[in-house]
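Given as structure tokens, the chain that follows is alone and in the form predicted on its own.
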């Protein structure tokens, strides 16, 4: 066993011991069910700032973001604006959800939606989205952690063993300590995530010899056609340019877009998908668990937009694009573009594990650093796994067990079933990761887009009382169906029943999140217009009157509203929308080299840095100047416990009958479609 493997096992063992310690320490503070599920609504602002940032960005940023930049170049690096668009959802909805949670005593998003809309159907759809978001997404994270340990241990530890051990540790501290343990450990994980990615970026910067050699290598790349995407329709290397506003192709798997699929429309629609992270049911539980709203603006502006933005716009680019010139791309090495042969060529053949190869290369000279960086990567992964396992357990215990199976359940039973639910969610994710890799991939692709489909529901609860129950529910169903059938899972379903869809994944280079939202929103608006009015309107008005009183825009800021939203729309257009293509050559042509690059950087990189800085200002304007994330006006009333109206046995039986007959009709429709269109 090499020295680096010994350091790896020692550091990971110490880190896991730290996690278990906090689980045990938090367990001593758990009394009631609310203690277990929401840390008694006492999460402090600074714990929220660090832990919520870790759960928002986590392993997919640490491992996935640089790897995709390596594969798709600066066009994918546009998604570094995740640092802006993810907290944008929080700016719009988090404070208002927190107020409603305090006022009405909600524990889960299902409580909030069911109470506001007066519909148990909305609660069930929320449970469905929470589970689709949690299980396959967790499975993907566990798979990534397994490969990470296997590569860094040089095969000494099998990836399956690593996944099972990590899941056992997660179960131990989440199950015992509840949400408080997840939050406390999450603060440390947030710091490790940022430090680890910045450290790897600095190492890449050093190995590249600084910015001047890096730019010289990028200039050679820009003058060539090397790379998976070849060249764009404008003749630019696809690594250094966005391949157009939109391409009307049939979708991935059916027709390849020229210059790659990261067009401006794909960047915009993928950004919508990323907004699903803080719209997902789990993140609502963050809002309910916070003691005050003081941490919201800090997390959104300074921790996410500013700090994570720096890491993504600078360090992730150095890691991803730099890997081409450090030996990971054999074709570029053969073309004389390599600055150093430091990474193995296998890193380019296995880009999903690019970070693992970076850490392995660092460990050759500094074995102890391998262990530390591995802990940073595992912490990034665990932050999300622990959070979503905990919140899924809360939702299953409260929205399923207590609501439908045992309404009289007390604290002891709720905590027990909460722990059992955490175990079941982790076990389902682990089995999916171990034995169903295709299912993991197909279902995992739905997660972000499913979360984004809750935007109209959140907009109704927080802002627009004229969106009705019928409109939101029917729109949500249409949106979820559209998402499914623009992803591989829908292709598999249609193939199973003998249908061949004429489109592939993401037709017209538009992500499934946007396709879903199009059908969701159109249906929601039409149905809401047809069903507006009646006694439900007065019921909804009660919530909005409270929000207007506590979170309304101050009179002196009202003149700024039009300007603020105009700035936000302009930022979306130029940073992640159609206007982003102007960044291809506004500051010099990609193939012009440093002599032609006005800011001594490739034009598209300079464009991203500029709009990232403006994005931080935009989030600051909305969060602080417009007061969307500041402390509410006056005192906040606190309702001890939300007690929904009990379900009668007749109503419950009727509900299940509706679901049964709905399933029968759906199966009959599929059979008819197979008979008509099948071969």
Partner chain sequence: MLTIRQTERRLAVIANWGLFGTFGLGLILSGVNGGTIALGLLGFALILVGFIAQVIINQVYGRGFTPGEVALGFIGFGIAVLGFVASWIFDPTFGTTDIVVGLSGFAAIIVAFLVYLVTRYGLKGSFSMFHHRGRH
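Residue numbers count along the first chain shown, from 1. Because the structure is predicted, anything quoted here is derived from the model rather than measured.
The next section is about a form of this same protein that is not shown, the form predicted together with its partner chain.
- When you look in the model of the complex, the only residue of 114, 376, 148, 575 with a non-hydrogen atom within 4.5 Å of its partner chain is 376.
- For the residues 158, 366, 411, 228, the 4.5 Å heavy atom test against its partner chain in the model of the complex is passed only by 366.
- Residue contact check for residue 119: none of its heavy atoms lie within 4.5 Å of its partner chain in the model of the complex.
- Looking at residue 188, you'd find a heavy atom of it within 4.5 angstroms of its partner chain in the model of the complex.
- Shown alone here, residue 42 lies within 4.5 Å of its partner chain in the model of the complex, counting heavy atoms only.
- Contact annotation for residue 624: none of its heavy atoms lies within 4.5 Å of its partner chain in the model of the complex.
- Residues with any non-hydrogen atom within 4.5 angstroms of its partner chain in the model of the complex fall in just one of 367-375, 88-96, 317-325, 164-172: 367-375.
- Shown here without its partner chain, the chain has only 291 in 275-312 lying with a heavy atom within 4.5 Å of that partner in the model of the complex.
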